[in-house]
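Consider the single chain below, provided in structure tokens and representing the form predicted alone.
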Amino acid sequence: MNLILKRQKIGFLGAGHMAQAIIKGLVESGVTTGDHILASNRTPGKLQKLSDQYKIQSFDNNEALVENSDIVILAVKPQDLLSAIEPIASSFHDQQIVISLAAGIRLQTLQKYLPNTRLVRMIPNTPAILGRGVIGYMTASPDNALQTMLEDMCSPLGYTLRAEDEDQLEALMVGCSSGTGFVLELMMYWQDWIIEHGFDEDTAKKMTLETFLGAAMLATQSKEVPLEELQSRVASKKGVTTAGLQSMRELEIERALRISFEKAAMRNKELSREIK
């Protein structure tokens, strides 16, 4: 356990779904306690829920939150982030750790507003609420102590890794954060097809979930086996699965998915240009 982290006051500017997931992971894992977590939000409902559940400290203005925090996690929408921090930039103090969760806003932009802080970009995905997330991060400058603290803080949320640069971090965002949405889209197709063949919705959903979960667990427990080999064990020559796979390849499903990834990456670049 990182004892320094345990003593830090961690402030969340914004209390949306991702902030809630991180708070849950921090408190339930024992990384910190509710009285060391601070949060502010535009509307009081989410703050009240977090206060009731985890006994956090709630603030009705962002300036006071920043002044009372050792670590500030910027958890507001990308479009709102710079307008939220610009009026209170002087409240951030030297060596304060500031972690941005915002897509599309690069460290270079954040440094214009918060030049004296220890800046971090972090991209978690929503399964972090279950401790099964993928969390990527990068720091504005080399800082081994900061990296150790970040990995200790994020370990309850799932698989944590340091990105080499912003392009890599943004690829992680598309592949894992947006990727969660892409996988759920595929699951909806699975469920709909099963329903069309006589199963009720609840049963079809259960069948779909167990198929995706089972495939992921099979791959997880066979780490040394390439995914292609695991697939070949399911698909016998001239069999039912092979017939379906051939059709998927003829229809260029891979190409369609790659285009979806690239569209998401392009939108991220658009955000970066729009928000400066």
Ligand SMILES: NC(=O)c1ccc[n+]([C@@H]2O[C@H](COP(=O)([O-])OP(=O)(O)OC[C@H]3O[C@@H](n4cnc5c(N)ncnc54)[C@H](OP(=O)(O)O)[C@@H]3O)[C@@H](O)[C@H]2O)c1
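All values derive from a computational prediction rather than experimental measurement. Heads up: residue numbers just count along the shown sequence, starting at 1.
Absent from the display: the form predicted in complex with the ligand. The rest refers to it.
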| task | Please name which of the stretches 91-99, 76-84, 145-153, 191-199 has residues with heavy atoms lying within 4.5 Å of the ligand in the predicted bound form. | result | 76-84
| request: May I ask whether His36, Val66 and Leu114 all come within 4.5 angstroms of the ligand in the predicted bound form, judged by heavy atoms? | output: no
| field | 4.5 Å heavy atom contact, Arg42 and the ligand in the predicted bound form | value | yes
| Heavy atom to heavy atom, is Gly133 within 4.5 Å of the ligand in the predicted bound form? | no
| With the cut-off set at 4.5 Å between non-hydrogen atoms, does Gly14 touch the ligand in the predicted bound form? | yes
| query | Do Ile123 and the ligand come within 4.5 Å of each other in the predicted bound form, heavy atoms counted? | reply | yes
| Sole residue of Met138, Ala171, Leu107, Ala103 within 4.5 Å of the ligand in the predicted bound form, by heavy atom | Ala103
